[in-house]
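Let's start with one chain on its own, the form predicted alone, as structure tokens.
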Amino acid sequence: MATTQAASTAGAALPAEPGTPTSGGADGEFGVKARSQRQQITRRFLRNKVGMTGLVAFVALLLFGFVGPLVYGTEYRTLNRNAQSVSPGVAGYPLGSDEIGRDLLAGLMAGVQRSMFIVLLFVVIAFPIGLLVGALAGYFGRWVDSVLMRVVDLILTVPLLVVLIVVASNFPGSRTPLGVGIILGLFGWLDLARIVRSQFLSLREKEYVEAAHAMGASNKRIIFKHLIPNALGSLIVWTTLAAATAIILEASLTYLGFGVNGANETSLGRLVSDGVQAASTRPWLFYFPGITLLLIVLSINLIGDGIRDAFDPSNRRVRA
């Protein structure tokens, strides 16, 4: 995934020890209220127009996908043989219907739900794996680093999409949102592992880590108490950018016939794939799902950009 450089850039500028007050006490010598690093980051993000635009759009899409069905009240699996290929706005179908009479608006809501579920599953699986592998390689170094990174390099030599296709085509049950999310998660942690490793290689040489060693702190405490919090910027940026990539990968897999499939299964990728053949005759079946997919990816990327800027203290575009 093309997230390594952006995430590394954000993490490289991250100052040490989150939670540390910035300067002086409240109403100190210069009358400036002290803020913790977390407060500064939150404040910078809230003042970042790009990030907030992405966040608002993302929340709106979440409401569309998860609250919309409760309000709209139409099940996307419902077939109406008397309303096949209805144009948008006709016969009670705001966004039209497909060739077997399914409501496209209800399908979009369900598609957003499934795609968000896939992304969530991807993050839940990929994040701990990548964090663990990268942390072990970066902190312990030597043969541990060599073995783990050679495994990562070996897997990276094969294009991810090819790996996903091979796995998806050989495991029954992988054509569901659950299966696709698991497959993406199991093979989507490689970039994160390399990011975490590079961060740990740098952070472990810091004075506060040496001080923790001298005071007898355990490796576990140093990793979880000192190193991971200081690499948090890179991890969050990776998560947002990788989530957007996961949605595109799901759509690519489904378009190629190895993703979400089945009569009662759907996702944004499935809707786009089904609508491609009708793009010239019933364009609403292709463009509405495509635009929704684009909006989700764009909103997540904007959030990631905002978080990256918020974690970068050298960024002067948004002041704390």
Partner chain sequence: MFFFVVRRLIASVLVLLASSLLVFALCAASFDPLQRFRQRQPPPTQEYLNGVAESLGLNDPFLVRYWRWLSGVFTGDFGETLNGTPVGPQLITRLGVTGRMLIAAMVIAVLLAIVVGVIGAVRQYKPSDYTFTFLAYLLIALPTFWFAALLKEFVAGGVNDLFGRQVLYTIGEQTPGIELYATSGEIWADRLGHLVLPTISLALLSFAAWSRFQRSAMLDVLGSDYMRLARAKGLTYRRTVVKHGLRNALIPLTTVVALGVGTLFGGAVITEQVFVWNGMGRFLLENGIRANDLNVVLGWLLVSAFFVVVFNLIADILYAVLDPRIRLS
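Residue numbers count along the first chain shown, from 1. Because the structure is a prediction, the values reported are computed rather than measured. Take the two forms, find the largest set of C-alpha atoms that superpose within 1.5 Å, and that set is the rigid core.
What comes next is about the form predicted together with the partner chain, which is not displayed.
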property: Listed range touching the partner chain, judged in the predicted complex by heavy atoms within 4.5 Å, from 177-185, 194-202, 99-107, 121-129; result: 194-202
property: Exercise: residue 165 in contact with the partner chain in the predicted complex, heavy atom 4.5 Å; result: yes
property: 4.5 angstroms heavy atom contact with the partner chain in the predicted complex for residue 217; result: no
property: Partner contact for residue 260 in the predicted complex: the partner chain, 4.5 angstroms, heavy atom; result: no
property: Partner contact for residue 286 in the predicted complex: the partner chain, 4.5 angstroms, heavy atom; result: yes
property: Contact assignment for the partner chain in the predicted complex, among 59, 67, 52, 279, heavy atom within 4.5 Å; result: 279
property: The partner chain: the contacting residue among 208, 72, 171, 117 in the predicted complex [heavy atom, 4.5 Å]; result: 171
property: Within 4.5 Å of the partner chain in the predicted complex: residues from 279-306 (heavy atom criterion); result: 279, 280, 286, 287, 290, 291, 293, 294, 297, 298, 301, 302, 305
property: Large Cα shift (2 Å or above) at residue 86 between the shown form and the other one, core-fitted; result: no
property: Core-aligned C-alpha movement of residue 233 between the shown form and the other one, 2 Å or more; result: yes
